[in-house]
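Single chain ahead, written as structure tokens, the form predicted on its own.
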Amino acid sequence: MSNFNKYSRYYDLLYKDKNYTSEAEYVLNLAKNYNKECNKFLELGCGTGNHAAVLCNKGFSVVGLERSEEMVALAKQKNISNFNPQVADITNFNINEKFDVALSLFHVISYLTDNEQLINCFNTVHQHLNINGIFIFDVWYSPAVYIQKPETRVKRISDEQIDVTRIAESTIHYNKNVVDVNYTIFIQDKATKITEVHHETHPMRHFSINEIKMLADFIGFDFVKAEEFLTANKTSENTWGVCMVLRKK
């Protein structure tokens, strides 16, 4: 997640077409289905606070954890009521609070490519949830990765000041359940015509449902359900992003 530091200043621009409202409402409905008394949310990898803004505007409180200092600074600049973004490592944190719901969206859990990191994260989330607290997260789904395979993608977007072109090319590591997403990002200043070029590699882990079930049982969660993120469709080899729901025993 520290990979995002280099382009946190134009992160919101890159994802301005992302429907944060629909995603936050989808997660909120899931949370209410399994914990009707949910009020306090913990968000792992909160970015610049776009999901949290939707939840807070609906009257909930959110503590957001984000490794990127730049993104936390941008989140704080938005002055979102009842939102407390903090710089923290989601695999090792202690904020002395208990929550009704823990969220981790936009495939943040897929960045935990190391087993120790993954176990530490789930253990720490478990410690910060109330009994029957809900843990909702989305991950890359192994069947889709192996059947569809990641494609080279190009995204172009701009605002009044800059033009951004991002090229994503992938390398699959079959024995690790990891895909390296290699980004080349061109940022051109419209006024000066000067172009910055950034190169980044984002290792992304994909998961099977049985893998998450085993991890949940090991940590002390009940596995509640898995479905396609946002649509709630049944998972298949066509489902790239799967939403997992766990409940603290």
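The numbering used is simple: start at 1 and walk along the sequence shown. Keep in mind that what you see is a predicted model, and the values were worked out from it rather than measured.
Below, we refer to the form predicted together with a small molecule, which is not included among the displayed structures.
Trainee: To test your reading of this chain, name the stretch in 148-156, 171-179, 127-135, 103-111 whose heavy atoms come within 4.5 Å of the small molecule in the model of the complex.
Mentor: Stretch with heavy atoms near the partner: 103-111.
Trainee: Flag A88 as yes or no: does it have a non-hydrogen atom within 4.5 angstroms of any non-hydrogen atom of the small molecule in the model of the complex?
Mentor: Within the cut-off, so yes.
Trainee: Is Y11 close to the small molecule in the model of the complex, meaning a heavy atom pair under 4.5 Å apart or at it?
Mentor: Y11 belongs to the contact set for the small molecule.
Trainee: Does any part of K40 reach within 4.5 Å of the small molecule in the model of the complex? Heavy atoms only, please.
Mentor: Heavy-atom contact with the small molecule at 4.5 Å: absent for K40.
Trainee: Is M71 near the small molecule? Define near as a heavy atom within 4.5 Å, in the model of the complex.
Mentor: Close contact exists here: in the model of the complex, M71 approaches the small molecule to within 4.5 Å, heavy atoms only.
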